[in-house]
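Only one chain is included here, represented as structure tokens and corresponding to the form predicted alone.
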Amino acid sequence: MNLSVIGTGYVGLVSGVCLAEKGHQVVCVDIDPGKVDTINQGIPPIHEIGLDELLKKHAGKKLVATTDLRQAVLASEISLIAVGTPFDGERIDLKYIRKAAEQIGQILREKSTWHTVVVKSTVVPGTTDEVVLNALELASGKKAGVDFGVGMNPEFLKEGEAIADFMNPDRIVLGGVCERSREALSECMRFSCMWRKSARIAGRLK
């Protein structure tokens, strides 16, 4: 599948390189040109065991980085939102999630084919339905579940073991606004013949 990953921090870059390793074509999007150049050179901007080897293997081949969000969304079937969600000790700041959803929604206005937007960032319950879905619909002028898909795939990655956790998950939790959204996300995350034994598929988003 052709995937775009929005955000190249801990969750985004780890997800991107692992999905490339699993055979997907991945475009990682970041607003920082310096970080984009570094990733395209195969040099990880963060430290994580195994990340260096996988990025060197796939950079410029199965994985490329860009600052061009519009082209990345138009050229992909699924966009994974993996932007930062700063925590001040009391609450998670969702401004980057909201902005990413709004920008993707504007691009969906001009996209005629089905596209599924998936929340991968660490968020509080209700964020996908109440923040992301609403922002996408308002910005695109389209209806979720009818004109485009929306899904949720929370990460369970331990720092230092994130690559191993992603490549060999003990559980995969998926949610989608409609069956087509869930099918697209399931195909994206179907790593092996054992997938259906470890996955939990939620009927609705949270």
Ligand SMILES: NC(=O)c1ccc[n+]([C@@H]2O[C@H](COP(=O)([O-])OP(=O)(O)OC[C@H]3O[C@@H](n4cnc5c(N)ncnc54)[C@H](O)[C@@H]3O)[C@@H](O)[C@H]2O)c1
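This is a predicted model, so every value here is computed, not measured. Heads up: residue numbers just count along the shown sequence, starting at 1.
Another form exists, predicted in complex with the ligand; not displayed. Remarks below refer to it.
Original post:
Quick one: does Val146 come within 4.5 Å of the ligand in the model of the complex, counting heavy atoms only?
Top reply: No.
Original post:
Does any heavy atom of Leu157 come within 4.5 Å of a heavy atom of the ligand in the model of the complex?
Top reply: Because a heavy atom of Leu157 falls inside 4.5 Å of the ligand in the model of the complex, the answer is yes.
Original post:
Does at least one non-hydrogen atom of Trp114 fall within 4.5 angstroms of the ligand in the model of the complex?
Top reply: Looking in the model of the complex, residue contacts with the ligand do not include Trp114, since no heavy atom lies within 4.5 Å.
Original post:
With a 4.5 Å heavy atom cut-off, would you call Ala164 a contact of the ligand in the model of the complex?
Top reply: Ala164 lies outside the contact set for the ligand.
Subject >> Answer range among 131-139, 83-91, 105-113, 70-78 for contact with the ligand, defined in the model of the complex as heavy atoms within 4.5 Å >> reply: Flagged stretch: 83-91.
Original post:
Check Val150, Val173 and Gly175: does every one of them have a heavy atom within 4.5 Å of the ligand in the model of the complex?
Top reply: Checking in the model of the complex: none of Val150, Val173 and Gly175 is within 4.5 Å of the ligand.
**OP:** Within 4.5 Å of the ligand in the model of the complex, which residues of 1-25 have a heavy atom? Give them in sequence order, or say none.
**Re:** Sequence-ordered list: Ile6, Gly7, Thr8, Gly9, Tyr10, Val11, Gly12.
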